[in-house]
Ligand code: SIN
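In the block that follows, a single chain appears as structure tokens, in the form predicted alone.
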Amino acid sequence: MACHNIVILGTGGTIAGRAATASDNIGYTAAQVGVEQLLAAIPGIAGGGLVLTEQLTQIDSKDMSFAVWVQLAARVNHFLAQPDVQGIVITHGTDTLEESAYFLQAVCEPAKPVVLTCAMRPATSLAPDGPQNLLDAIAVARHPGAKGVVAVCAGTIHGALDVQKVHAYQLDAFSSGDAGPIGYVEEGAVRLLRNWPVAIEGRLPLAIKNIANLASVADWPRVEIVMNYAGADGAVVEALQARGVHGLVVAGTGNGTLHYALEAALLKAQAAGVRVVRATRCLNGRVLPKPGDTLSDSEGLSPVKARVDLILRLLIYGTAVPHAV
């Protein structure tokens, strides 16, 4: 029986997109090319070890859903448990890659590499970036000692906790902010700058490792994101509360600062049992908590990752979660 040491899971995205002409890099339809076709377009990609492919789903990542996350985590956990699997590569759209990366790092806590990769140009482009990104991702998955969930794009390796999409068009669309990248892939070789991601200890209990717990949850908690800005008030918070929201992440200005009217509405919602977490809308830096803060901070997570984190907490503890969890 053949030994497959790298597993590639296809989920769609721009990397699998098609456009009517090779010169069109934005008018494409995502998730049209199968993962096997993507590999077939790269000669010699299996060199140095065998590759197993699985088309998990075919979606534009802007349409990512909880159902796909559960399916993806289940397959990742399945292959991580196989002794003959060295690492996993996931082809993914760029739009929600950072959220999927954080989710997988939280629920899988992988001791092997799980590498998300992507593209900013479709497969039909005159100069597609997907093939090189996929080659680089496989190089990372094969690197001795690699572990944890990372994203590989434009030759840069980003950790799941730090990666953010920061550009809407350029090929090098991701950043790790002031944390900096984990390393680079240079002509197929990995050059590390810092350690691989580790389990998110203290943020989520060990029970979350069992993805079956998530699969059994029929209705995921509803957690929404609101933003502070000039002239903000509590209308959106009140509307969401009326719709039965379970949690709110607020993207505050600066060090998580909030308009007084928005803050009043958030405190009222919190008092009514809605869990509220305060992040910052700034790309770099984190909310630094102060003594006497009435709203908990996101512990350095961006608003979208803080939302994933809060959803997982609510799945564990229930929607009537105490504020100090």
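Just so you know, these numbers come straight off a predicted model, no measurement behind them. The numbering used is simple: start at 1 and walk along the sequence shown.
There is another form of this protein, the form predicted in complex with the named molecule, and it is not shown here; the text below is about that form.
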Selected contact from 93, 197, 181, 87, since only one has a non-hydrogen atom within 4.5 angstroms of the named molecule in the predicted bound form
93
Tell me, which of 222, 165, 112, 143 has a heavy atom within 4.5 angstroms of the named molecule in the predicted bound form?
165
Find out whether any non-hydrogen atom of residue 119 is located within 4.5 angstroms of the named molecule in the predicted bound form, and reply yes or no.
yes
Residue 280 within 4.5 Å of the named molecule in the predicted bound form, heavy atoms
no
Is the gap between residue 60 and the named molecule in the predicted bound form 4.5 Å or less for some heavy atom pair?
yes
Any idea which of 119 to 127, 79 to 87, 238 to 246, 184 to 192 reaches within 4.5 Å of the named molecule in the predicted bound form, heavy atoms considered?
119 to 127
